[in-house]
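So this first bit is one chain, no partners, the form predicted on its own, shown in structure tokens.
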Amino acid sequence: MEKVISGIRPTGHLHLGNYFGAVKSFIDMQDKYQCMFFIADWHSLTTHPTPEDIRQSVRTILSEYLACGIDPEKAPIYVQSDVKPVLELYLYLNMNAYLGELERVTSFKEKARTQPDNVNAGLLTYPTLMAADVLAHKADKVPVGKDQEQNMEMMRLFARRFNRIYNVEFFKEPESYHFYKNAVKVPGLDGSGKMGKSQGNCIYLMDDEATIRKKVMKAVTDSGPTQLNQEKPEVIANLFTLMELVSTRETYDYFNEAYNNMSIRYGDMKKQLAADINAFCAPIRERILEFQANREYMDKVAARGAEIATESASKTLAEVRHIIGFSSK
């Protein structure tokens, strides 16, 4: 069975866009591949979070992924900083990573532009740490979005370079698994684009019923259709996309027909959509709260995941050290 490794950035609560994008893909993948998921807390240090922010973010992400359906018995979940062998591999990969190529990485240039007062070495060597996270487990595939494809190319470059320098065929070149091909683009509530934290147009899985209703009722609409069966503008098509995800087919068809015959009342549609979104999120929200209240269980999940990941990475590292010349197997 092919091995899949994916990192999860600890950047706050999950929203519907996350769920129907990466998270649902992860849930499907855990039955098809040998999956391992990790919470990338080392990577978060590039933005200098406080210790409490790190701890809280890790707990939040772990509880929400478990609540969504990641099964740690099928796909171990671990915290990146609990797997120390990755750091030593990161060191070795950095020794063969060159300044010029790291400075040309698009994500580094963008971060350097947006945070000019915090252009740290962690930003520069992000691709080598990402490579260490994956190569430590000799993964076959890595689920990534388009914004990470250049980092995947760097990862494959580092694998080839190690093999060439030491005249071995040790590291495989992991493939990019583009889960977004099967993922749904969930629109935001502001009338355009997709749902995202930075856009402030999200419905979070943790939002309560009143918050969901308030957000949906403020969603952008127009003055209504002026012709029978006319094409929906983006702001209206977005609402129907959301309804298609969380409502019954009968509900969707009812409001779609009302739009086509020009009898639709957007207020009624948004009330129904809010109710359906809440019905979808409520059981996930309840499970999140249950996991957060059971710190002992979450600690066991993370500890077991770290044990499995450390065993895997340690085996790789022992071979790497032997290849480089530091110790025998």
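Numbers follow the displayed sequence, beginning with 1. Since the structure is predicted, the reported quantities are computational estimates derived from the model, not experimental observations.
What follows is about the form predicted in complex with tryptophan (TRP), which we do not show.
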| item | value |
| --- | --- |
| Close approach of residue 9 to tryptophan (TRP) in the predicted complex, 4.5 Å, heavy atom | yes |
| Interface membership of residue 195, tryptophan (TRP) in the predicted complex, 4.5 Å heavy atom rule | no |
| Contact label in the predicted complex: residue 105 to tryptophan (TRP), heavy atom within 4.5 Å | no |
| 4.5 Å heavy atom contact, residue 43 and tryptophan (TRP) in the predicted complex | yes |
| Candidate spot 19, 67 and 70, all three touching tryptophan (TRP) in the predicted complex (heavy atom, 4.5 Å) | no |
| Tryptophan (TRP): the contacting residue among 205, 130, 186, 216 in the predicted complex [heavy atom, 4.5 Å] | 130 |
| 144, 123, 239, 159 - the one with a heavy atom within 4.5 Å of tryptophan (TRP) in the predicted complex | 144 |
| Contact stretch among 130 to 138, 81 to 89, 159 to 167, 251 to 259 - heavy atom within 4.5 Å of tryptophan (TRP) in the predicted complex | 130 to 138 |
| Heavy atom within 4.5 Å of tryptophan (TRP) in the predicted complex - qualifying residues of 217 to 250 | none |
